[in-house]
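Have a look below at one chain only, the form predicted alone, in structure tokens format.
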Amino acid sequence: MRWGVEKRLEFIEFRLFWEGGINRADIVDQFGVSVPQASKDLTLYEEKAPGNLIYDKSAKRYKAADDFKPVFMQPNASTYLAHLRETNGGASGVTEAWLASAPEHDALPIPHRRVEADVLRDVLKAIREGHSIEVFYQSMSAKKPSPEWRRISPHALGNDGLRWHIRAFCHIDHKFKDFILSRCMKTRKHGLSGASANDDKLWHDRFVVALAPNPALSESQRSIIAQDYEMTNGRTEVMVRKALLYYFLKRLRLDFADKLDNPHEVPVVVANRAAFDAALAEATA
């Protein structure tokens, strides 16, 4: 089956499963195909998934049968919520939303971080060609209140969920560091790399973070947290690059677990804390 056809059949099934119905116009509007093609798609779906469709003559719409069984997709709440997020203008990982009748919803807005296109293009070129590059960078260090030109050898980009940074070897500090992409104001002068990407041990090494429900919660609360995070025997493991451990700690507020009086504000804690702290110390040294 051609990819385009299979994608439209998946769309038909998505609408049937999550919204209860579909018509030809939905397929035409979503994919830009002709009405006859949309009719063929619905007929093909009926052949491939017999018994899933019921035609409602009064509504002129196909509805999902009571014993509907998906054939072209695996029902996943995360997939639906990603489409819902997309209707709100968020970067959810889907290229376009498949929802026709989304429930009223909203999402927490995240302030836009400006990244200069020319800067990003030049950084990508340096990564691709294995070069170093000078960036006019504004540090947040009290010792560097003004921007300065710094030569770096970039090899990767990282994201902490809120902002992008460049993972690069710093020719001033002689070590691999993170440079916030939106604070790189200009670029210039490609040159020889100061280090190989393979030498960035903290980027390539990963640490398994073991998470468990906060023991200060009630038994029932710990049980729902374990279910919420898909834990097995009260524990889940997350593989994180050592270079991203600090951001992981901050994003999940794991550094506040022992400091807040209200455990409900930090529902999970690090179960392998000693090993985690050691790995974090290595990553932030």
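One rule holds for the numbers: they count along the sequence shown, beginning at 1. Heads up, when I say rigid core I mean the largest set of C-alphas that superpose within 1.5 Å between the two forms. Since the structure is predicted, the reported quantities are computational estimates derived from the model, not experimental observations.
The same protein also exists as the form predicted in complex with the DNA; that form is not shown, yet it is the one meant from here on.
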Legend entry - Residue (of 33, 238, 65, 224) lying close to the DNA in the predicted bound form, criterion heavy atoms within 4.5 Å: 33
Inset, instruction - Using heavy atoms only and a 4.5 Å cut-off, determine which of 69, 259, 60, 251 is in contact with the DNA in the predicted bound form. - result: 60
Inset, instruction - Tell me the stretch among 241 to 249, 215 to 223, 34 to 42, 228 to 236 that has any heavy atom within 4.5 angstroms of the DNA in the predicted bound form. - result: 34 to 42
Legend entry - Whether 5, 8 and 55 all lie within 4.5 angstroms of the DNA in the predicted bound form by heavy atom: yes
Inset, instruction - Answer for residue 272 alone: is it within 4.5 Å of the DNA in the predicted bound form, judged on heavy atom distances? - result: no
Legend entry - Proximity of residue 15 to the DNA in the predicted bound form, heavy atoms at 4.5 Å: no
Legend entry - Large Cα move at residue 31 between this form and the one not shown, threshold 2 Å, rigid core: yes
Inset, instruction - Could you tell me whether the Cα atom of residue 239 shifts by at least 2 Å between this form and the one not shown after core superposition? - result: no
